[in-house]
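Coming up are structure 1 and structure 2: the same protein chain in two forms, each one given alone as C-alpha cells.
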Structure 1
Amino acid sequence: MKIDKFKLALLPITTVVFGIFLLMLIVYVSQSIPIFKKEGLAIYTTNVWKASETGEEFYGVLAAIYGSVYTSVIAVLIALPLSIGFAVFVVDYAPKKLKEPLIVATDVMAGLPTILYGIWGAFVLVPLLKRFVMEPLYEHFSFIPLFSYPPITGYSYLSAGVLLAIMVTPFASAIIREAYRMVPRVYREGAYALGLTRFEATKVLLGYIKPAILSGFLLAFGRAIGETVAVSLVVGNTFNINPSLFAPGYTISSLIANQFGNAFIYNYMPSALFAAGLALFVIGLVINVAGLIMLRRWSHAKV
C-alpha cells in the first residue's frame, strides 16, 4: 500500500513534465498553421526566404534544416571520438595529479556562456581553419565535392561544426567518463588476465558501456542542433544548400535568432519561424526516440 501511495504521489510530477512537453508541441503546431495553409509542406521543401509587406511573402526553410543536420553531424563525428578518447585517458592513463585538473577544466568548459565560444570562434577559430585547413584542402582537393567551395571568408559549415564539437565534447565526455570509471574492477582484471593488451582491454570495456556512449551521442547531437548564438557567428547565415564543408549556410536556430526581431512586421514570418522550430522539435524527438529504441534493444540483447 505504501508503494502505491508513493507512486500516486509521483503522478502529478510526471503529469506536469509530460504536460509541458505536450503544451510546447501544441503551441508550435498551432502557430505553424497559417504558413501551412498558405504554403503547405513547401515550407520544408523549398529554399526561398522572401519577406514582403505587400502580401507576396514566401518562406522555405530547407536550407536551414539542411544546415542544422549537417553541422550537427560534423560536430558529433568530431566530438564523439574526442569524448571517448578523453574518458579513457583520464580514467586509465592520466597521472593522478592530472586527473582532477582535467576533469575540472572540462566542467568549466561546459559551463561557459555560449557567446564566449561564438566570439572566440569568429575571431580565432575561423581564421585558423581558413588558413591551415580550408585553403590547403581546396587548393589540392577542390575536385572532391566536400572541398569544392572556395573558402572566401571561412564562415562555413565546417567552422560551425568544429565549434559545436568543441562545445559539446565536455558534455558527452562527462557521461562516457563516469560510465567508464564505474566499470567493475573485476572486468578490467579479467581482461588483462586473459592476456589482452591495453588497447584490446579498452575496446572490450568500451563495449560494456555502449549505452553511455549512445547517450553521449544523443546529448551531443541535441546540444549541437539547438545551439544558436555561437553558430550564428560562424556559419555564414546564407540560404545555401551545398555539400562542401567550406560553404556558408544557415541553421534553424540561427535563422530564428536572426529573423525573430523583425518577424512581426510581416504577416506570415512569425508562423514560418514557428514551423522551422517545429521541424527542429521533430528532428530532436526522432533522434531521441531512435536512441531509446537502440538502448532498449541493447539491454534486451544483454539479458
Structure 2
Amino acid sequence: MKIDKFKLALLPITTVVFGIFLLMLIVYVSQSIPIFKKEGLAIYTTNVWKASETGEEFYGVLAAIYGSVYTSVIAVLIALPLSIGFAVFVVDYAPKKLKEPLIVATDVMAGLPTILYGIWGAFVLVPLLKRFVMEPLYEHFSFIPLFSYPPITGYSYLSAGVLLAIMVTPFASAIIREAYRMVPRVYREGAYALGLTRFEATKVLLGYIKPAILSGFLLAFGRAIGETVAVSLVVGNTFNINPSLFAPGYTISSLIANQFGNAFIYNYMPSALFAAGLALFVIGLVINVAGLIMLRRWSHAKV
C-alpha cells in the first residue's frame, strides 16, 4: 500500500489542535478535583461563598449557574421572535437597496468587540432600562414575583439578558436567514397557488426550516452563556438566587472574571472556580454540539 506522505506530514499538526482541546479538558477536570474531594457535589448544589485565608472555606456556585441559565434564557426568549422576524423581512420583503445594508449591519454587530457592548450596556442601556422598564413595572406590578425586586441600581438579570439578546440576535438570524433563503421556490409558489396570504405562506415555510431555527437558538444560547465581559459589567455581580428579573446576580463567566484575580490567596477558591469553569465547559459543549447536529441534519436533509 502506498503511504500518503502528505497526510502523514499534516497529521501531527492536526493533532496539536486536538491536543489543545484535550489538554483544556484535562486541566479543568484535574484542577477541580480538590474542591470535589472537599465538598463533593455541594459545590454545584449550594449557594455559599465563604472565603477565608485562615478559617473554614466553603464554596457553592449554584447562584452563578442559575444566573447563567436565567440570563441566557431571557436573551433567547427576546432574540427568538426578533431574529425570525428579521430573517423573513430581509429575505422576502426588504427592497433590494435595503437588503444588503441590513445584512452588513448585522454582520458588523456579530463581530463587534464585546467590550463595546459592555461599555454601552453599563453606561447607556442600564440607566435606560431602569428608568423606562424596571421602575414603571416595579411600581405597578411588584406583586408579580418577576417584578418584585426593587430596581435600585438597574444592574440585574434583565439588563444582562437584554444586552445578550442584542448581541446574539444577529448571529441567530444569520443562521435562520440562510436556511430560509434555501427553501425551494416551488414551495412558496405552491403556497400562493393555494390562495394563502403571505403571512400564511411564511408560516408554512418556517415550519419547513424548523430544525435550522432550533439550531440557531441552541447556538445563540451557547454563545450567550459563554459571554463574559459585557455581562459582568451589567449583571450586578452579587451572590443571589432570585426569581425577579430586576435582582442583581452572577453568571459563571462573570464569577470567574471577578474572583479569579485574587483567588490564589485562598486554598480552595481557585479549585472552586475551575469547577465552575468545568460546569460552563460541559454546558457549552452539550448545547453547541446539539446545535451543530441539528444544523447538520437540516443541511443534509435539504439536498
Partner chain sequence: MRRFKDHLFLVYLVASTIFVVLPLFHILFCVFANGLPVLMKGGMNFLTGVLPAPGDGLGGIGPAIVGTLVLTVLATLMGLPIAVLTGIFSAEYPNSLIGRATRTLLLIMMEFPTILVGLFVMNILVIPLGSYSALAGALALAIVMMPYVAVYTEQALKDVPSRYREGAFALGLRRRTVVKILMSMARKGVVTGILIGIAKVAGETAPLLFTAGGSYTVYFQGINRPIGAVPLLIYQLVQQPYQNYHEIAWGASLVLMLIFLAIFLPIRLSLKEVKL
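Here, a residue number simply tells you its place in the sequence of structure 1, counted from 1. Just so it is clear, the model here is predicted, and its values are computed rather than measured. What we label the rigid core is the largest C-alpha set whose atoms superpose within 1.5 Å from one form to the other.
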### Summary
Lone-chain pair; form predicted in complex with the partner chain identified as structure 2
### Task
Spell out whether the Cα of Val27 moves at least 2 Å between structures 1 and 2 when the two forms are superposed on their rigid core.
yes
### Query
Cα shift of Val286 between structures 1 and 2 after core superposition, in Å?
3.8
### Task
Give the C-alpha shift of Leu11 between structures 1 and 2, in Å, after superposing the two forms on their rigid core.
8.7
